[in-house]
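In the form predicted on its own, a lone chain appears below as structure tokens.
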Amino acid sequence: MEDFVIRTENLTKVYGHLFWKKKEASLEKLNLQIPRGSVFGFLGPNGAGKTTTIRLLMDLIKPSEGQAWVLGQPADNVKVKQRIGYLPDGPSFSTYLKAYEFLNICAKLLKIPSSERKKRIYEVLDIVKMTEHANSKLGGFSRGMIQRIGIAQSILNKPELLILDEPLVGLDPHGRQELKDIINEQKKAGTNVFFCSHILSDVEKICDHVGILSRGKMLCCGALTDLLSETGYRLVIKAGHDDIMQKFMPEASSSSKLSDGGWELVFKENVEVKKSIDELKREKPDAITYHPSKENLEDFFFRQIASTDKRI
């Protein structure tokens, strides 16, 4: 079995303009290796080439150059589609169909046996919290409800790989949290997840690997823990040790009191502060805990994009 659920070599897509004979590369020599067992966040500004990449992986368009493999098979292998769940950006379904009718059609296309079909449809409706709308027409659904039905159809076949293009669009905060829970549950069930999103705070919470694309080129790719830089230290002081808090508070860049009466102090990179914390840890090991503080994904993302813009 191949170690990567998705792999590309020099994957390129060039769009030509008929009248001006001008060619533009939407995607340029993309080399990507996504390991099995991961939730991969594919990030980038509008027009970066994310949707083009997904369409190439799904064989909805053909590459100008390069190759792509999905689940160990060439992207144009028809049989491998049975093992993939896919939600396109801005899904649109027949407004005259009821939710159950639409999912039933999808289940037939996925060749889910008739004896299992009804049960599986109601399982996915329950997962996306849409059971009560099973017999309602899609034409009366809000954008968020349509997105939930789109997610339901993408997991109907219990896919080995789930590809989602902007799945969080149209969902309210509660719906976003439910989708994050769904993705986490899919991962626990052994499903590999590849998705695009502009909501970086959510990506940071659910992804273990990310890639950032800009102007058709990959800027960076890897495990999230490896990409985010350490920016300082986070010190947690247990309740009853206000003397420690008072000692370190003047050097902290931020502080917050915890619900249990303790304190959390955040420090920027500082050799002297780290030395003092190390000494305190040896003297009073039960009074504090501390660990490196890392930049968040949003800061990292904009730093990567800004560095690219400066080079162009």
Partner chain sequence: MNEIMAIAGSTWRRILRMKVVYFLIVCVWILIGSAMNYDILSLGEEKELMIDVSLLLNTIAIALIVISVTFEIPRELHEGAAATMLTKPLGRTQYLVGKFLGSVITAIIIGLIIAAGFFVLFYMVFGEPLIISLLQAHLLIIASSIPMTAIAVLFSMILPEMITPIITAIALWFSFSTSHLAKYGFMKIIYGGVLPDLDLFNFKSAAMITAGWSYVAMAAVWGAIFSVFALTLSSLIFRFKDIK
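Positions refer to the first chain, counted from 1. Since we're looking at a predicted model, the values are computed, not measured.
Omitted from view is the form predicted in complex with the partner chain, to which the following refers.
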Test of understanding: in the predicted bound form, would Y15 fall inside 4.5 Å of the partner chain by heavy atoms? yes
Contact test in the predicted bound form: E101 vs the partner chain, heavy atoms, 4.5 Å: yes
Does K81 make contact with the partner chain in the predicted bound form, using a 4.5 Å heavy atom cut-off? yes
Considering non-hydrogen atoms and a 4.5 Å limit, does the partner chain approach S92 in the predicted bound form? yes
Which pick from L60, V273, M245, A287 sits with a heavy atom within 4.5 Å of the partner chain in the predicted bound form? L60
Heavy atom within 4.5 Å of the partner chain in the predicted bound form: which of K111, R143, H174, K119 fits that? Just give me the one. K111
Any idea which of 260 to 268, 247 to 255, 52 to 60, 278 to 286 reaches within 4.5 Å of the partner chain in the predicted bound form, heavy atoms considered? 52 to 60
